[in-house]
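Quick heads-up: the structure tokens below are two forms of one chain, split into structure 1 and structure 2.
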Structure 1
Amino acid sequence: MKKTSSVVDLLLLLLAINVLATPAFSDLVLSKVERRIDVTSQIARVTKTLKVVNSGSESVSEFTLTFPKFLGNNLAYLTVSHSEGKGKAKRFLANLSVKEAHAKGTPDSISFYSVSLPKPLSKGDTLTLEVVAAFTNVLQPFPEKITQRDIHLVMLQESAQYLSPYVVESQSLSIKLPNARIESYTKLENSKVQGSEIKYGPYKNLAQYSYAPIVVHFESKAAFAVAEKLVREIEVSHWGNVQVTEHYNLVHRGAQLKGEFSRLEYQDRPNPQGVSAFRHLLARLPPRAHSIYYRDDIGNISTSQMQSDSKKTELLIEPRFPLFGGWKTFFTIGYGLPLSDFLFASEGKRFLDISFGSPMIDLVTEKLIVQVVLPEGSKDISVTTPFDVKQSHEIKYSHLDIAGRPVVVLEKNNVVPDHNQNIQVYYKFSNINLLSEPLMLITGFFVLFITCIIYTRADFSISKSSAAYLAKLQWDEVLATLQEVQNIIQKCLAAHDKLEASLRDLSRTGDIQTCKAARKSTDSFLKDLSKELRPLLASLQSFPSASQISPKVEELVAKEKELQEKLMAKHTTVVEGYEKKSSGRDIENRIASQQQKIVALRQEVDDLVEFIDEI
């Protein structure tokens, strides 16, 4: 196995170093070191409490942390803080800045990190440092290929004695394992198992760089879900929404599955086989997340559940198939967030305060790319992050964009859930730019409508004497004439109605004189109208394109005239009847036939009017 040989190398090297005893780090003494390693999930979290005593003569302002290289390469997250008090009264004070440092003459198989102390530690003073470190990929699946029925065994290699360039007076180590089988562990002096914890120590008075390799082989029930690549796009829209879209390339980085996958055994109750696989992933989204979708290349995935309350929105997703070792999948999760929860203003600038990593709990991301898309017109963009990221700028073209939207691209490798802290993106945006999109749309439609108006009203004919143009002009005139004819006919019909009304008045009031007067006025009115009609008819006949219509119009006029005459005759008869004081029935009989004809004629006239209407 490669790793143990490297451990052996390291051991030999350290023995050599012990002999040489580089003088650079000898002033400080660690009076008490307590280490706790938590390997219940796929990440190894190491928490160390170091009591530092300056036993030298000069004040020291730097402290050096070391890890063996195979751990240091997989270091994902490291914070160091200092604390005061002990037990329940412990207070954690500010985080200290940590830098990777590699002084000359130090061996290559150790990673060095230099911590700047808050104030120089003078002679005889003590300081308590709290170190939290998270390592990925240090839980090696062993055996590396397992069948569906096997349990998932992993191996952790560490050192029972704290590797440090300083002398350690007293130290202890406890490893918290998941509540499952412990296959084996290195038995040293002072080592014991308590429930699911292995305790090594306390060891006293160890020299610099002392190292005692241990190997713990145990069963892990954690889901080894690793996102090979996660692209997280955060799009800010000043219309009130922050849209987050995440694309996951998920893989199971535990022991690979060899052999077959039997669904029968996987679903068997009470002993389902396939404990090394995982099915669910839980994502904690901010509260008031809306429009959540979960899909992949081939469509929507319906196996998901959402539960929201006022503090968070929990999304439980199930990929299309359970993930066994070596299996991978790809999906996209998108959701919208209200802008007011994430965008704030300070000193004339706006800033977006949003979480950096993936919202999934217990997910390790090997390559994380966060793209923050700001609205068009944003300037002076700067990003503040609590840890190192690689920044770059891009342009994205989206709806109604002219210059494009500025995108800040933040990249980080080896991201663990401890990195899910807030980052701030500062930018300047003047409120006038908010109107640019609506104005663009308004202008567009306005220009379109103006063009339409001009096009329909302007005369674009190239030749004023072409046959088509002249024909169009003529047709317009025909229509105008028809309209006038229609108006006159309507007036005639109105006059007929008035005449009928006067007859009814007569039957009501018996006033013959008014009736006669009405008749006279109607008569003259109708005569005027027919006079107006004549030139119109003449002009209509002169148009060749109206050749089909003019006979109909003439027919209409003729019928109307007939109707007129009949009505007049009827009127005369009725009035005469009244003057002679003959009975109503008499009058009725006399005008009966006339009335019939009038009704028929009226119907025909109406039909013709309708026909002309439809032209």
Structure 2
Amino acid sequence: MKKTSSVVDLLLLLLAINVLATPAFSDLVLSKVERRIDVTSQIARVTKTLKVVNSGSESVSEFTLTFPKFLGNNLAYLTVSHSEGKGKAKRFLANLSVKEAHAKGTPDSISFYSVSLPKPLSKGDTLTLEVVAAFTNVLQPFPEKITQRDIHLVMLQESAQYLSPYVVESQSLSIKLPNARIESYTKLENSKVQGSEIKYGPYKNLAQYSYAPIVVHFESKAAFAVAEKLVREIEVSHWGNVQVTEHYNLVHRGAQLKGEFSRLEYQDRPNPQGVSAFRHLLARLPPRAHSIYYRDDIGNISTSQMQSDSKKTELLIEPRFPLFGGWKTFFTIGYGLPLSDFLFASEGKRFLDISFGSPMIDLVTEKLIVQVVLPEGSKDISVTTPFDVKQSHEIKYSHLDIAGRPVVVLEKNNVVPDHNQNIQVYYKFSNINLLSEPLMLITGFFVLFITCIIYTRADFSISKSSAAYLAKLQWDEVLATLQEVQNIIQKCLAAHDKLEASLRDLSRTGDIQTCKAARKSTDSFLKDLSKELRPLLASLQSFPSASQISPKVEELVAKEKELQEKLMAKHTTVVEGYEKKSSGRDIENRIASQQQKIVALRQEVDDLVEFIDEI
């Protein structure tokens, strides 16, 4: 407890210095103060009943609330209301205006708030104020790191006496704890423990800025679940639905886990370990919520349960793993709501009346962003909130949008369940805009069907009597003729190769008769092919479109004819040489010039064939 003691001593010293320099605010006196602090969750909720008496001679229209700075810095929610009666007969008349005050000469270690009274308080008059405040981050884990087997202990720092700029005639304090397991607490005069509750007081005749520091060290099994960032998207559709999507970045802000996590020990029975972790989160949704889903980056999470009745819908969700101190998780929940339950009309405008905060029980949100997506065509947009928020406007584009949908963006930091109050978003919207998307779909399908009808019924072919169609037919005939000419030339070249092969056989076997027979057969075959070429050449010459191609074809035929003659001459020379029994070298010398000419002609023929083939 050395750390705790040093913190308290320092705080006491600062307050003592400030008290000496702080002037009185007015002649108000607090005749009775009842303070109740509830720390059963991670949020410290403070309720105060203040009976105010004006003991001065002048009327007073403002009342000052004070908090130690370390509490004021963590103040998330504060309301002050005027009440009458006692017990069950107590009536809360109205919430009063509260604003932070920065008066000159006030110490920095105290936070001041000014409350506007419903009417000036005259001399001798009394007034009862009900103060409700919620603080975050005031329950500090101690120790800060624990093992999986350890219990979760937290520490609360407060004052047994009410810190106020006014004289307090009588004051009492009660602190409600989660359970009766109390490690330690500051014992003062008139302090006692009753089960899970610690009581201090009553204390009489307290001077201005009285302060008696206390520290309570106790066990807390509450889920210290904190949303570092929560984005709520509320999309309004005038076709009957309000779609809500919530994206959570969640962290456990309790004592951090020390050492390794053991799943076996965590699930051990009958003595399960890991009591500092939380396994479930409870969300209370509106009663007619539907189409509920719960998923993360991996996909849908099936470990959730839902119960619904006429008053509420409860969704119990379980993360994929238990969350220990310092661990984080990211997930999304979504659900639909009936439009008729949340959209209303007033003074020519429509307004959406829906809750602002998260539906999660006892969740603290460090940064909350609420995006209200209105239908396309909405205008004259205004927002009413029961507390201050940062507002901005955006445009969101979705399916079938043209100008985009207006988006109202509301941002607030340090949000607690007390902020889960209804906000109103007012806007004007014409019912004619409801027809825009159906008309776009109808028009799109109409154009598609008309296009299909025209495509299936119209004839897009070229007319058979047109010049372009006749030219195309003629060109097709030219290409067919060229293909036939090319085939005949290939057959001629194959016959040439066969004639050359007969000469090679002659040099190997010396069979002159077989070589002559091959010559005779090839000569007859080439004459037949020559007859087939004549009508094809005449046909090409008759086509105007083939005027540039015909000379090349005629050149090809002429070159092939010349090649054929040179081969025949070579063949005759070789056969005669064998008949005269000339030597091989002598025969080669005699046909050398012929062979060179044959090679050159064959190359020219191949080039012309390739040219025609490209056509």
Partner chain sequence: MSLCEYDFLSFLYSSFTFVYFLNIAFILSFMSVRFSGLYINLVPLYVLVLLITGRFVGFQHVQSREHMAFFLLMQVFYFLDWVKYQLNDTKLFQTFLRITVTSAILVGAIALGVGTASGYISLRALPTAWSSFMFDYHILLFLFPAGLYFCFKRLSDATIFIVMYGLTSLYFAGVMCHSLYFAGVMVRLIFVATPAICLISAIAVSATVKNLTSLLRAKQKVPQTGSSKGPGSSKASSKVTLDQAQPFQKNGAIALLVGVFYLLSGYAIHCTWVTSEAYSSPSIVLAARGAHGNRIIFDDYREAYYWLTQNTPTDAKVMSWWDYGYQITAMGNRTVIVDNNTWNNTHIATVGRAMYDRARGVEIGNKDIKLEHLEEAYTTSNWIVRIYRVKPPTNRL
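All residue numbers here refer to structure 1's sequence, counted from 1. Rigid core: the largest C-alpha set superposing within 1.5 Å between the two forms. Predicted model, so just to flag it, every value in this text is computed and none were measured.
For this session: Just flag whichever of structures 1 and 2 is the form predicted in complex with the partner chain.
Result: The chain shown as structure 1 is the form predicted in complex with the partner chain.
Exercise. Does the C-alpha of Phe449 move 2 Å or more between the two structures once the rigid core is lined up?
Worked result: Moves: yes, 2 Å or greater.
Exercise. Taking the rigid core as reference, does the Cα of Asp476 move 2 Å or more between the two structures?
Worked result: Moves: yes, 2 Å or greater.
Exercise. Under a superposition restricted to the rigid core, does Phe142 display a Cα displacement of 2 angstroms or more between the two structures?
Worked result: Where the cores coincide, Phe142 shows only a C-alpha shift between the two structures that is less than 2 Å.
Problem set entry | Core-aligned CA shift between the two structures for Ile598 (Å) | Comparing the two forms, Ile598 shifts 69.4 Å at C-alpha.
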